[in-house]
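Okay, here we've got a single chain as structure tokens, the form predicted on its own, with questions on binding and movement later.
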Amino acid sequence: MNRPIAALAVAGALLAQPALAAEGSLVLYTSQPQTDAQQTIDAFKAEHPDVDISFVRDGTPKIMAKLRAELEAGAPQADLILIADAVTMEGLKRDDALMAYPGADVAAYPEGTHDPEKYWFATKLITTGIVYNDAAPFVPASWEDLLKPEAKGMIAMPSPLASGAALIHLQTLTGNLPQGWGYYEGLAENGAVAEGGNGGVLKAVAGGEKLYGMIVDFMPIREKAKGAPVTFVFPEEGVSAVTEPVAILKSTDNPDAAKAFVDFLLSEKGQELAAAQGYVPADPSVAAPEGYPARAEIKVLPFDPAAALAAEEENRARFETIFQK
């Protein structure tokens, strides 16, 4: 074997290896809620006390703006990124900002959960289904039910122009329901109001201003446990999901510690932490938290992040046209 080929072989072997002894420092950029981010850091440090890890927390758009500015300046500060959705990760992968981790152990996960080239890894499932006020005239079981006359003018939904999860939800439903875009045209004709994020939907439905809504699962499930008059439904056709993926920045100076962080999130302990925080673990062998059906009973509709990234602007424009009529 000549020297260049030998060097490439050695480099490839190193990339494929799981994390070695983890030490040194790491910086994580994350859109996790503050409490979740701190719990994640604390749990990782309990397993790897020789790693000094800190985090910067903000919403995904602001975190991405910060990271993009640093990348353009040639001085990225983060070693790892843990954000809401895989479409954003696909953008970073397309721009050659991520490091593949071929040695990551994903044997416990179904095919299609993570990036097939192992540039990013799902850490949980945050699905979008239907919430209804317990005083509503009927209990919805299907996405079709939001098109019924009884629901006219009583539907709230987050705007895909403001929420990444709502955009992925739109791309998932238009790609899987038989009506395609006709479903969203039907929602608009039925008086659905699309504005802001998921928090506004919960407020409108819990307060009775609206009786039905599209929303991420954990919000109404948590609020119902506190006594709010809302119930979350996993529609029979299936749900969309964002997966809060984690990835290693290509520019990291500490790849071994960064790999150890990814390994922790994908491990049984990491997935149990996700469940303890109130989310559905991405690993189907780890039990979902109270209030959720068994993981095997949750039907997640197919979604292609790369195709969604390519069609992102077209989908936003088409949605805006439908709901501004």
Partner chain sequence: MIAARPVRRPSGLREGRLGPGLLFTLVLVLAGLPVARLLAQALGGMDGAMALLLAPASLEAAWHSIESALFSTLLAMLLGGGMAVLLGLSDLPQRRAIGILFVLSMLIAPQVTALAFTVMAGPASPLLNALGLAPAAGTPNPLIGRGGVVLVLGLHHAPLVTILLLAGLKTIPDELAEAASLGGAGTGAILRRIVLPLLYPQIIAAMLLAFVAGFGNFGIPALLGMPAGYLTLPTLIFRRLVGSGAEVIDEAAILSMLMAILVLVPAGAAAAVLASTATRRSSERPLRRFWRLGPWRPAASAAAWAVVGIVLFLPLCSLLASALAPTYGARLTLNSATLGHFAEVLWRQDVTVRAFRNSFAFAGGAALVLALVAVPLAHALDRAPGRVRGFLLPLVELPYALPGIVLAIACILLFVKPLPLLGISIYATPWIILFAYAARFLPIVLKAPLAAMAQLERAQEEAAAVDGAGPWARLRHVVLPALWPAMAAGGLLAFLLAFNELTVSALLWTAGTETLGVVLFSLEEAGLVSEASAVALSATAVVALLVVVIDRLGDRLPEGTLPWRF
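Numbering follows the first chain given and starts at 1. Nothing here was measured: the structure is a model prediction, and the numbers come from that model.
The same protein also has a form predicted together with the partner chain, omitted here; what follows describes it.
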Close approach of D145 to the partner chain in the model of the complex, 4.5 Å, heavy atom: no
Close approach of E185 to the partner chain in the model of the complex, 4.5 Å, heavy atom: no
E237, heavy atom within 4.5 angstroms of the partner chain in the model of the complex: no
Proximity of E47 to the partner chain in the model of the complex, heavy atoms at 4.5 Å: no
Interface segment, criterion being heavy atoms within 4.5 Å of the partner chain in the model of the complex, picked from 39-47, 253-261, 290-298, 266-274: 39-47
One residue of L98, A206, A104, I221 in contact with the partner chain, assessed in the model of the complex (non-hydrogen atom, 4.5 angstroms): A206
Triplet F55, V193 and L211 all within 4.5 Å of the partner chain in the model of the complex via a heavy atom: yes
Sequence-ordered residues of 218-242 touching the partner chain in the model of the complex, heavy atom within 4.5 Å: M219, E223, K226, G227, A228, P229
